[in-house]
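Let us start with two forms of the same protein chain, each given on its own as structure tokens and named structure 1 and structure 2.
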Structure 1
Amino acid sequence: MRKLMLGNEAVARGLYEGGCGFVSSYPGTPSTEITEYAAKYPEIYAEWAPNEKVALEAAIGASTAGMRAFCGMKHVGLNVAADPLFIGAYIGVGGGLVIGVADDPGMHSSQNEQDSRHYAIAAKLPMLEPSNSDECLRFTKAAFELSERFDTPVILRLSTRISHSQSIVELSERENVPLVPYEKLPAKRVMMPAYARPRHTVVEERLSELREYAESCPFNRIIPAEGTGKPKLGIVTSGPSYNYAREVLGDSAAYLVIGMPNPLPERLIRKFAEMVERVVVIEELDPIIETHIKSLGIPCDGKNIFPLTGEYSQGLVAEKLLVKKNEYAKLTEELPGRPPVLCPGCPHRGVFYTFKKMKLTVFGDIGCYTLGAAQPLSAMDTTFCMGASISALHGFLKAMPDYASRTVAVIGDSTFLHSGVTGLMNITYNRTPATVVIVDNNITGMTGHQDNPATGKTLKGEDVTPVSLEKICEGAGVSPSHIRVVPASDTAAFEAALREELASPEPSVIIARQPCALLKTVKRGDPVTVDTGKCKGCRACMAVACPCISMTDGKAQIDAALCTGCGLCAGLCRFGAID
């Protein structure tokens, strides 16, 4: 059957067809839907883990038990999971183990650009990289075979354009893969020095075998140019870049498409270089293929023409290689931008309004609430990586204790469980008078509503006992009298709690709790309206950056179709004009 499928959906289909039985992941754009789609197959056990390290270790456990297993994450997730990744190379697999990692060139939804191929090189693991949905499906299945054949985890590298593009796939049946019988093999799985030393030799030997395999791997393929004679241009490329090159150059160039970016072949590249007059490497982010080709003594162009930053496109390839730009029209006037905003009724809004009002220094974190950094709230000083709000606040206050009374960390429920807890232990253990605000909207919002250990539901939809944030904080050493739970909608109570805890020399946590306004279980209130007779046009209500409020003829106006009736703006009106 032919079907249009998202790259991520096709990976999930590959997991299904490839006989995968276990999936553990942590969400992250653009990788999230792989696991969501995988969970729809009753044959696959699929779960959200609290973070990527836990997820990968769980997948390693399932593989050790002999089951084909998968773990998915975004590029920065692999930083978190790097420890088990590197050891995975040493211990090899039982059932095939595939690690899906999605890079985000162009940072559509990320805090940095990072090329995951470095991890494959550093951990000495084979990596496959598809360039469309059909390859997503086929490469995923092949990755399991490769994993078992070479006794190694295999990384499947995706990127935003592959994960989030739909193209046509051909479906087949699920393969029935029995468990690989479990054996006690301490020399292979107990990684203490005496056992690990010989395993390092195994890793190096395996890598040479994989290098040899790369020469004939069906995913590294030469596509000759049309016509006779030596083609002027030979393009070495992979993943999304192949599509852009193909669009611009068609059959006029020859291609070496690298479907296995680690380890890279040598003879195949030499053969290709001899076939063409000029070699140009087109790869997004870092010059991995280019550096390899140059190390073989073969001259080529690459990052001297193409950028190290951002996402590529056919327009870029045409501009850089053919010095060709399309004609286009443009309005002469400057158009206002449309940045993302906190949704109407978002429980984070009042929290950030309060931070701004109190002129606090705010150590932020990653999630929907990062939008509290945007104008006009502009209430965030830092956002580094997940969990860093709490841990960095600790260091900041050790260096500048005076700031304790006017500095907070703010972190979401999912992010707190991901990697905030450890930072909190550092605060209590090493005694910083820090105040941490957990904005608990009872869901992993940013990535599109995934459950987490505190929501009381699993990925498969079962009800479970939710992890208690307050009890975790207590267990981590925060005194119960300094763990405050307030409804996020009650800004007065939140502000009062914040003032008290900032003044106190004890470590404290304020949980601002209210479910995400977009959750299906949350009832929308009646929209508020403006009494234009009372409205003085003072714009005080606009300070909360709500997309529902605008000014028409000097009076505030509220979009009834968008307003959820949260009432935050009404509380700010000194003239009682909003009700």
Structure 2
Amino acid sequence: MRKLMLGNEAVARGLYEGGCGFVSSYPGTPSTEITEYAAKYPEIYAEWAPNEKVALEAAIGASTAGMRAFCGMKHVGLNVAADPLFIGAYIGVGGGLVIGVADDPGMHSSQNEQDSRHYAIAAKLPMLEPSNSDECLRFTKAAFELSERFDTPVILRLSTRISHSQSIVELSERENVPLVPYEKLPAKRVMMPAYARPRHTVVEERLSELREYAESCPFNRIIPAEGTGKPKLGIVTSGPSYNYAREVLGDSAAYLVIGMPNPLPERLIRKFAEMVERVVVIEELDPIIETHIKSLGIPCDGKNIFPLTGEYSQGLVAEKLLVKKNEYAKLTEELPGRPPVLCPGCPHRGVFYTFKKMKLTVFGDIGCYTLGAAQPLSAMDTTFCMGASISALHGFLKAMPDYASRTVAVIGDSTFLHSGVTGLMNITYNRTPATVVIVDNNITGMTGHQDNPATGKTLKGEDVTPVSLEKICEGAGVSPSHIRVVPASDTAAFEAALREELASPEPSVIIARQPCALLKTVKRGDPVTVDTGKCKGCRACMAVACPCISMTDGKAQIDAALCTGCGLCAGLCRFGAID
């Protein structure tokens, strides 16, 4: 049976067909849908973990029990999971273990560009990289076999373009894989120095075996050019770059498609280089393949032609290789830019409006509320990485204690549970008079409404006791008298709580609580209306950056189709024009 599938959906299908029984992940675009699709298979236990480190450790535990397991994340999530990743190379596996990581060239939804191939090299783990949905399915299944054959976790590297594009896949039945019998093996799994030293030797010996395997494995393949004679151009490429090159050059060039970027082959590359007159490496982000080829003494072009940054395209490949571009239909009109904005009725909007009104210094975090940095709210000073708002606020105030009365950290409920709790403990333990605002919208919002430990639902839809943010904060050392819960839409109450806690010499937490306006359980209110006779055109209502509000003929106008009736704008109008 054949079916059109997203790359992420095809990976999930590969987990199913490959006999995977356990999946633990943390949502992060562009990897999120892998776990969501996997959860639809009753044969697979699937969960959202509080963060990527926990998810990978859980997957290692399932593998230790003898079950085939998977852990998925985006590239920055692999930073969080780096500790168990490196140890995973030493302890090996019981049942096969596959780690899916999706890079984001072009930073479509990320704070940086990062090449996860470096992690495979540093951790000395095999990595596979598919170039279409069919390979996503086949490589995932093969990764389990590779994992068990070489007693190692295997990294499956995706990218935004592969994860979120569609192509035809060939479906098969599920392989029923029995559990590998569990054995107590302290010398393999207890990583104290006496046992870890010989395991390092095992890792190096395995890597040597994998290098030999890479020479003839099915993941690396040569595609000859059409015609006879030596092709003028030989393209060494991987992942989505192969698709771009093939569309531009067709059969006029020969290709060495690298589906296993770590470890890279040597003899296969030498063989390919002898087949062609010129070798060009096309790879997004860092020159991993190019550096390897040059280390073999083989001349090639790569980053001297192609950029180190951004996502590649057919047009870019054609431009850099001086090939005539294909003609595509073009729009005749220039479309206006559509930057991302907080949704109509978003509970975060009033929070950031209040921050700006009070002229606060705001240490931000990763989530929907990062959009509070955009104009006209412009109410965020920093955004680093998951959980960093709280930790960075602590360091900032230790360096500049006079700012304690006008500086806050803001973090979402899911991000707080991911990695904000430890930062809060650092604040209370080291007696920093910091104020932390948790914007609790009862969901993991920006990645598409995934549940988390505070929502009371699991990935499989089971009801559970929700984790209490208030009790966690109290357990982390915040006095109950300085844990405040206010409705996010009540800007007056929120401002009053902020002023009181910022004036306090004690650590404090304000939880601005209101569910995401897009949740199915949230009922929309009646849209507000503008009395144009009262409207003075002062544009005060525009200060909250609500996409429902616009100006027409000098008067405010509300788009009734978008408005959720939150009423935030009405509270800003001094003339009573918005009802």
Partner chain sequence: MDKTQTFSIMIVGVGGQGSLLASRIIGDVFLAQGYDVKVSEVHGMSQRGGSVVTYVRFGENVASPVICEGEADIILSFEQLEAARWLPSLKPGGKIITATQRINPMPVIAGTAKYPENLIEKLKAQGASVIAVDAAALAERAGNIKAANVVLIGVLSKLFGINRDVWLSALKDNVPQKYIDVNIAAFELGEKAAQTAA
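On a predicted model such as this, the values are computed, not experimentally measured, just so you know. For numbering, take structure 1's sequence and count from 1. Residues that one form lacks are left out of the comparison. Take the two forms, find the largest set of C-alpha atoms that superpose within 1.5 Å, and that set is the rigid core.
Taken from the structure described as the form predicted in complex with its partner chain is structure 1, whereas structure 2 is drawn from elsewhere.
In this overlay on the rigid core, E334 has a C-alpha that sits 2 Å or more away from its partner position between the two structures. Legend: core-fitted overlay between the two structures; highlighted is 323-337, the single run of at least 3 consecutive residues with CA shifts of 2 angstroms or more.
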